[in-house]
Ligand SMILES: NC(=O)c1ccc[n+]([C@@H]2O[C@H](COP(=O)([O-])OP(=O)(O)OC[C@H]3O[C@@H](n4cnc5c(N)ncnc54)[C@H](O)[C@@H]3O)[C@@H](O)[C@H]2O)c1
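Below you'll find only one chain, the form predicted on its own, shown as structure tokens.
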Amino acid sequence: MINVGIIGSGFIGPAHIEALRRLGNITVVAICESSQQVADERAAALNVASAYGDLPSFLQHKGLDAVHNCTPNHLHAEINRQILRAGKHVFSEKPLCMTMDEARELEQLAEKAGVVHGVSFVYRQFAMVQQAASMVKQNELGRLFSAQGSYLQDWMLEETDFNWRVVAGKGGESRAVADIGSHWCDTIQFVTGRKIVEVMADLSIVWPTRKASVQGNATFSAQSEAVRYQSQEVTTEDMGFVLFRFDDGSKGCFNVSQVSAGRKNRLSLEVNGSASSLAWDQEIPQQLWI
């Protein structure tokens, strides 16, 4: 039996716990949160035995084998650094960190620790994506020469839609492309077996100023009827259109949007070859995309 701990039990943490419990050979033994009170409340709600309000104590939990980092983006690098230094296997929500220098450092720490490590790009595990990759590998499409697709959502459609991901210092300088475009890029690279090496993008901010709740409520959280707002400048893109080139010279394009009305979480891709083409288009449960 593998003992796993979860750091961060907000929007995506419970989805990790549910997925882990379905595997059958894993026990979620502990939760770590920003305070002991929050940790206790979340552990009780999610039926997890142990709760910690600080990371060092959590990492010393007896028998802890692996850790899932489900915290906001700007916390990933330091938390992943501490997990690796503690010698624990780590599965991090994306992004792994915020800069390339941090990524190189974490890779070196993982190699030194000799642990299993990964980042949560889950769509490559979908049965239809696996089938598409198998078809490409068996040369059923012939010579590949192009790929295209999109990833569309509407959870940031309204001016009053606000979330920590909007803030560059917490979510990163890129939002739509980094947040969901990264999933599209990973999926298309997995299917084709090729790496994207060059990109050119046209990005757009639909709401240069958003109305953030004074009470601190965010999109996806319960809203009271008497919500008061304050204006906050937005520097991260709501949508983007990207041209790219694979390492073999073949080309493609994709667009991403978090302001496409009626599109809750829709991922589509198409690959064209000299013998045939394949396409995949699916509305995906929202808890899987973070």
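As the structure is a prediction and not an experimental result, all values here were calculated from the model. Position 1 is the first residue in the sequence shown; the rest follow in order.
The protein also exists as the form predicted in complex with the ligand; that form is not presented, and the subsequent description refers to it.
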Based on heavy atom distances of at most 4.5 Å to the ligand in the predicted complex, which listed stretch, 162-170, 142-150, 97-105, 197-205, is the contact stretch? 162-170
Of the residues A133, A110, A212, V122, which one places a heavy atom within 4.5 Å of the ligand in the predicted complex? V122
Does the 4.5 Å heavy atom contact test between I17 and the ligand in the predicted complex come out positive? no
Does S34 make contact with the ligand in the predicted complex, using a 4.5 Å heavy atom cut-off? yes
Wondering, does C70 line up within 4.5 Å of the ligand in the predicted complex on heavy atoms? yes
With a 4.5 Å heavy atom cut-off, would you call L75 a contact of the ligand in the predicted complex? yes
Interface residues of 39-65 toward the ligand, as seen in the predicted complex [heavy atoms, 4.5 Å]: R42
